[in-house]
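Listed next as structure tokens is one chain, alone, in the form predicted on its own.
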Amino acid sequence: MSSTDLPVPAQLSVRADWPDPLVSFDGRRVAGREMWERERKPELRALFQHYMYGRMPSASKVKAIVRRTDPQALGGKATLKEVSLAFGPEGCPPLELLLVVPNKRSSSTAAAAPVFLGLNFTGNHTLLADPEIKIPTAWMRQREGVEDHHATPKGRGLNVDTWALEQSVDAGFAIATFYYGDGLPDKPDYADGSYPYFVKVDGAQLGPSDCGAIAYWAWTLHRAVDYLVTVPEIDRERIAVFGHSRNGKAALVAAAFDERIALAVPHQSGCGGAAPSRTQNPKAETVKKINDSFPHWFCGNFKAFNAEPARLPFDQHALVALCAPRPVLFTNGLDDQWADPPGQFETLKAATPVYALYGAEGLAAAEPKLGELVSSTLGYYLREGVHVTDPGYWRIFLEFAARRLKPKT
């Protein structure tokens, strides 16, 4: 589907109900899995890029340079590598990947480890109390350990609990992560990171289908996957993608557009991620609010839906449907209504018919129960709490992934 074939947002029909993912843009019902794969899945990917996230760049060949190896990380439990992922033309900044792989595999796992891949907010150096981990040089949002929008050594080890690396290693999982600003710093201009080497923005605002930050961050995750599938210690069939909040949005988009990703956990990703644009939750973030607050996250066309999200020819259940039949887990805090936990549950319900095309169960619960993991292919977990990532949530991520990512025998 070409963007020239699509109407401008104002010409789209208003519909309060969520568009059926099994009905094509021209009104034809999807007859089965073959038609979904051949026609509807590519069509939905084109619609999401045109009206919401923007067009992702073409793939770029990745060259991995291992800068440092520590085979005795975490008290000897893991091997830590710092890897520069170079891509693009000369001068393009690399992604600085932190890879931590368990040294010992249990008898219940394959020789190669499953891996959680994701973007971090604060730099690799904040995730472990390791004085040698490289500090990012890219622009960073102000927070503890950041001065004049740049990371400092004061941030080392500040967010150990956020990623809980040792907990993952103990469970037999590797972790691969990099600072999300390596690709595009989180501010409404487009001059830094690797982004300007691949996307040319004409002026101060994104054009109708220019690649927004969410899509670009997802694209950088794809480049990390390019590397991970070549690492012998990593099981290329068991790559899970994780992200929190805006990085959770990017994680879900990354999974929807790259089938090498076997499982997705878009934790508390809210509007523009796991939550519906047509929200019925008066406490949830809206399309207008997210576009007004973060104009660089989505393409120019998406701003046209601020007042009328009901004109969108899809909703976020269709993004989950693009992941079928792969497992997806939504996790939320009851006090984080901004991320719309009830709307996210409805998103999973509405994606279930597409999973049925593959013989997968989809969401196996009529309603969520506080503190109980729904561990079906489309999973859900709700606990008391606010907008946060901590070891308690990581216990749920790891439990779900261990159930759903079994090694091939």
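Because the structure is predicted, anything quoted here is derived from the model rather than measured. Note that residue numbering follows the sequence shown and begins at 1.
If you look for the form predicted in complex with a small molecule, you will not find it shown, but the lines that follow are about it.
Stretch-level contact analysis of 161 to 169, 230 to 238, 289 to 297, 306 to 314 against the small molecule in the predicted complex, using heavy atoms and a 4.5 Å limit, identifies 289 to 297. Candidate site formed by Arg246, Lys249 and Trp338: every one of these residues places a non-hydrogen atom within 4.5 angstroms of the small molecule in the predicted complex. Proximity to the small molecule in the predicted complex, taken as a non-hydrogen atom within 4.5 angstroms, holds for one residue of Phe87, Trp139, Phe121, Phe257, which is Phe121.
Asp130 falls outside the set of residues with a heavy atom inside 4.5 Å of the small molecule in the predicted complex. The shortest heavy atom separation between Asp189 and the small molecule in the predicted complex exceeds 4.5 Å. In the predicted complex, at least one heavy atom of His387 sits within 4.5 Å of a heavy atom of the small molecule.
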